[in-house]
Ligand SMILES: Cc1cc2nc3c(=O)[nH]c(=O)nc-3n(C[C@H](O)[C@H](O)[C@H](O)COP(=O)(O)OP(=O)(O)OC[C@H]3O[C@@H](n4cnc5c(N)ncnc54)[C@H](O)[C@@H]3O)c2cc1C
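The chain that follows stands alone, in the form predicted alone, written as structure tokens.
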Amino acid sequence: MDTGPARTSYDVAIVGGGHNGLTAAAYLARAGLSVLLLERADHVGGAAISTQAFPAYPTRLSRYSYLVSLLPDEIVRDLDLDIALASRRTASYTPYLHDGVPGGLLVEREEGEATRASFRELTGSDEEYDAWRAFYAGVGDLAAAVAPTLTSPLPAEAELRAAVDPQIWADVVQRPLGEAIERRFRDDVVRGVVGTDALIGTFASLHDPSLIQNRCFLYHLIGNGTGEWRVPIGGMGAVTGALEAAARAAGAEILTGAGVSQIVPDADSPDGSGGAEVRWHDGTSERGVHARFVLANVAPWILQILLGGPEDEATKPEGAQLKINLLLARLPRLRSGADPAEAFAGTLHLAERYGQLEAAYTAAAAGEVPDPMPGEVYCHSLTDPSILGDVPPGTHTLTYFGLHTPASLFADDPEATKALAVRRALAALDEHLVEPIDEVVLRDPDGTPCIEAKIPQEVEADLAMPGGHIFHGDLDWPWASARTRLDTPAERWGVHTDHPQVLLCGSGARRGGAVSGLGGHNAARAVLEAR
């Protein structure tokens, strides 16, 4: 825990020390503003941290957030961040069984003949791969149009729509994504691989009329105009460590152990400038400061409570993911015969055929744990062995992210339901392995398997994300419709609230979600424009 604040009044107070809060602090302090960042935990970083999850081994896992796509190179350059993001040599691998015969669909990061051959082996011709290339070329054009706008004021929807193919715009933006997937692709495996990017952290059918799945799909494919998911060298904690260093070097003041309890807009200030008062308890006494601007790096649902509103359960977001971290003595062998070092280097899809995804959603919506459980795994240590530390040769990490496991599934009996969900997740992996994953999992000295699982309720408890929702709520389109008000800097940057001096700066901002720094960057720009 840090000591109290150095002063009673600041230009900007930031509530929450996740990566977006640190980004905003670095930008604003560099611009010469006085900045105080308040974090309830004893460390900054939020979901983007590295942790020694298994005490007997020094390996530091990216416990929650684990890959980087949306962080713009512009932010890295602006803040002189000392980080390295490495490409994975495999984009994805999807093991399958056809009439009991094992196989696997390989997608290289730079697609070549091996990818085409893999599609041909699965489907019997080149038609499906040609359809794949045509679809993702169109999506790539959409990503190339949207990505440069993410660090600028909200662009007009009409301008972006005019810049891309009308059919791609209709497929991704106007109609449920499932329609395009079913029209463009025939194979159930291929359809599922396309559909998974729409469901990571989002509980929906691919035919949901709200299009929340379409928005999730778009965000997963627009990072830096390529959508490539990269591995942070040194773990996710290296990213937030660099952001913290940048903020402190610029002069931002950071207090940990400072859980904010109240934000009071328009409080009287010594210079009569208005703004807001921020109050917290440091474990010993109540404290408070005044700020001209308050940036909320918390979910909008939490912000409303801090502003004096009720804890409205009806509007509380609901997360829908199961995160499992494992430490292995060695990589398991696949029944397909694929090289584990190739298959596990990218995203390995499990029980994510198109039909399985829709069936899992239907089951979970009815209150049942899906069986089989859809999810995906990847091995961070294949790309970055530095996170392992001094461990026996052959040791590797494995990260599993499960879909369609809403918080409501675990509400009545969290521990028993969590144990069932973990068993089904690992069973979906075992189906494609020569030996069960249990045979290669490392164990602590007392024999406990090195397996750590987190359900939405635990994500909420650990990170103060309501409902364990990793995006702080449903994602929104990263542009302004014709009806969007753009009268103030906060509105133009997509970070406004009902209070002019209180701005969103986290994943709940208009262009939030994932490890991107966009919420922090855009809130900082709005402050600098408004001051």
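Counting begins at 1, following the sequence as shown. Owing to the predicted nature of the structure, the values given are computational and were not obtained by experimental measurement.
Beyond what is shown, the protein has a form predicted in complex with the ligand; the following relates to that form.
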Note to self: Looking at 145, 189, 212, 306 here, can you tell me which has any non-hydrogen atom within 4.5 angstroms of the ligand in the model of the complex?
What the structure shows: 306
Notebook entry, point to check: So which of 96, 132, 169, 229 reaches within 4.5 angstroms of the ligand in the model of the complex, heavy atom to heavy atom?
Noted result: 229
Check: Heavy atom to heavy atom, is residue 20 within 4.5 Å of the ligand in the model of the complex?
Finding: yes
Margin query: Since only the chain is shown here, I'm wondering whether residue 323 would be in contact with the ligand in the model of the complex (any heavy atom pair within 4.5 Å).
Written below: yes
Next item on the list: Tell me, yes or no, whether residue 64 is in contact with the ligand in the model of the complex, where a contact means a heavy atom of each within 4.5 Å.
Entry: yes
Note to self: Taking the ligand as it sits in the model of the complex, is residue 46 near enough to touch it, meaning that at least one heavy atom pair lies within 4.5 angstroms?
What the structure shows: yes
Notebook entry, point to check: Of 290-298, 106-114, 346-354, 445-453, which is the one stretch near the ligand in the model of the complex, taking non-hydrogen atoms within 4.5 angstroms as near?
Noted result: 290-298
Next item on the list: Scan 499-515 and write down, in order along the chain, each residue with a heavy atom lying within 4.5 Å of the ligand in the model of the complex.
Entry: 506, 507, 513, 514, 515
